[in-house]
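What follows is a single chain, given as structure tokens, in the form predicted alone.
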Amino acid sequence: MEDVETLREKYLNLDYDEKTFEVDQDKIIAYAKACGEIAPRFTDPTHADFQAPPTFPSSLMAGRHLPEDFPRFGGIGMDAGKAVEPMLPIRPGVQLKGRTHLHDIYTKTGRSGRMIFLVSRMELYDPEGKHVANADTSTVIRERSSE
């Protein structure tokens, strides 16, 4: 069993992935419609304040899910949720740079044993270096016992 405090000391807040995203008007509209959004500022590109919905960053995927040398726990990783912290509007035609790091590592113990939670955070920046959003992806791994 991996020591979570050691993992936290070694891996938290160290960027392990960087990726560039082109924000396309059609992708914004498709995402908005898929989410059931009806507000014109998210669905009508002729709207004066057209922008991506606040949760749009959750649709952007990093190139790597974990650092290269991060240990495997022998269990199956499952999606444990998403969270977005919007800071500035995301407009079409903008190129965003995403930098990903492990934001948190923690455990919980359930009836089936220890579960390890990993929170990967992608920080998104516009071409001027302004921080426009954080997109967190949580993964849970039910650790296999060594018995």
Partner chain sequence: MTVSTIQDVEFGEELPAFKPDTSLENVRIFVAAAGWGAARFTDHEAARKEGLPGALVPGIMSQGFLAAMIHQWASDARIVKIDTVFRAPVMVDQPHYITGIVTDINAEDSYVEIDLTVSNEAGETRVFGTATVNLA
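Residue numbers count along the first chain shown, from 1. These figures come from a predicted structure and were not determined experimentally.
Form predicted together with its partner chain: not shown, discussed below.
Scanning 94, 66, 115, 61 against its partner chain in the model of the complex with a 4.5 Å heavy atom cut-off leaves one residue, 61. Within 4.5 Å of any heavy atom of its partner chain in the model of the complex lies no heavy atom of residue 50.
For the chain shown alone, residue 70 is not a contact residue for its partner chain in the model of the complex, no non-hydrogen atom being within 4.5 angstroms. Residue 85 belongs to the set of residues with a heavy atom inside 4.5 Å of its partner chain in the model of the complex. Heavy atoms of residue 104 never reach within 4.5 Å of its partner chain in the model of the complex, leaving it off the interface. Along 98 to 123, no residue reaches a heavy atom to within 4.5 Å of its partner chain in the model of the complex.
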